[in-house]
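We begin with a single chain expressed as structure tokens, specifically the form predicted alone.
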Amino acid sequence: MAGQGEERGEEKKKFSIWDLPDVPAGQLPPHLELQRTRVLCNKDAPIHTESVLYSGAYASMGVDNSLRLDHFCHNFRVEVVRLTEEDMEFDMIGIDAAIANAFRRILIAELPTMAIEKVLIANNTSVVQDEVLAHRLGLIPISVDPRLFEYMSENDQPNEKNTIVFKLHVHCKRGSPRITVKSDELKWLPNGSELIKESRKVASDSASKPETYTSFSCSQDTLPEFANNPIAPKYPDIIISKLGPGQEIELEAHAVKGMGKTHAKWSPVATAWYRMLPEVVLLEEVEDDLAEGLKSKCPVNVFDIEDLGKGKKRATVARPRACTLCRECIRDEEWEKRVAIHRVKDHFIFTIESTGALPPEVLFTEAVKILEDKCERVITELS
């Protein structure tokens, strides 16, 4: 009896999953491969949303799940889908969600721009309070490359390398209708501030130059990068305030270099977001009236009708990228066996909307450089 038990034990040890006829050697079974690479979107909630990053997750099946550099370099790619002056849509393929999110956070919070930080108000009789007016001015995008300027610390003096000065002086005459003050009224002062520090005037020496709030050694418009490209707000029609008869605004605004993690006015993007690539699969042929019903269910026209001839029609997945995961096509139980909705875990549709300071493709390139610097710092500290 003992000998028979040992033989049975040996038979059990010899049996493995690879003895099954539908499991190819060195590959995961189809249902596990689907769970590893896709998010399954059921009618109630998505499942298998996690990423399996553990290298030994499938070691018992002989599958190496470790991250290899050669494998990453072979699979990773960026494909630009749409590019305009203001926004950009591209696909990042072959990366994890953590990397895509790192790019998003860098774009929002760590890319520097120039924005109005200090507002010197000489006169403001409008209905907009001084602090609200200064806040509105700070949110106006400035069309200038921030890489041409330096950061200004608390101990630095405003100069032509770290400060941009604008002047705003608008007056609504009595008897005139109300006027709208827009961002095109902000005039660039390439020679720096024109407001004199009253408390520091040297009364005894009338020939000395009055001290202003900036110390420019040269005019900014003499620099080659600004000679043919004057600094101005990106959009000329942003409303700053409205003035009634007799009201006036006179001020000077100083823009400096900063990052979005300090204040949102320095963020170079209106938004930066991503989503996984949708994948819509027809599990069976959907024909005739069912095909028409499936097409009418989708509010974004993912499905289309293919004419097969002889009065026969068949549903096809024409625009899967447009799927918004509303799940109307699988809301009824009988449709779950006909349609499946997935998300590809390593394929991200990334969208960047620039505020106008820099083109969106430049923003992404700068974000890559910042992430590269972060990685180099970590490697240096660990070595």
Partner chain sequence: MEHGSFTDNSAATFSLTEEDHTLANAVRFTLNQDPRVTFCGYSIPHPSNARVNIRVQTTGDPAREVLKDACQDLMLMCRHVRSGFDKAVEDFKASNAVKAMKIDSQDSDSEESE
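Residue numbers count along the first chain shown, from 1. As the structure is a computational prediction, the values presented were derived from the model and not from experiment.
There is another form of the same protein, the form predicted in complex with its partner chain; it is not shown, and what comes next is about it.
In the model of the complex, at least one heavy atom of Ile106 sits within 4.5 Å of a heavy atom of its partner chain. In the model of the complex, at least one heavy atom of Phe76 sits within 4.5 Å of a heavy atom of its partner chain. Although the partner is absent here, Leu53 sits close enough that one of its heavy atoms falls within 4.5 Å of its partner chain in the model of the complex. Contact annotation for Phe72: at least one heavy atom lies within 4.5 Å of its partner chain in the model of the complex. The stretch in contact with its partner chain in the model of the complex, judged by heavy atoms within 4.5 Å, is 98 to 106, chosen from 114 to 122, 293 to 301, 265 to 273, 98 to 106. Note on the partner interface in the model of the complex: the residue among Val127, Val80, Leu283, Ile239 having a heavy atom within 4.5 angstroms of its partner chain is Val80.
Of the residues in 327 to 347, none comes within 4.5 Å of its partner chain in the model of the complex through any heavy atom.
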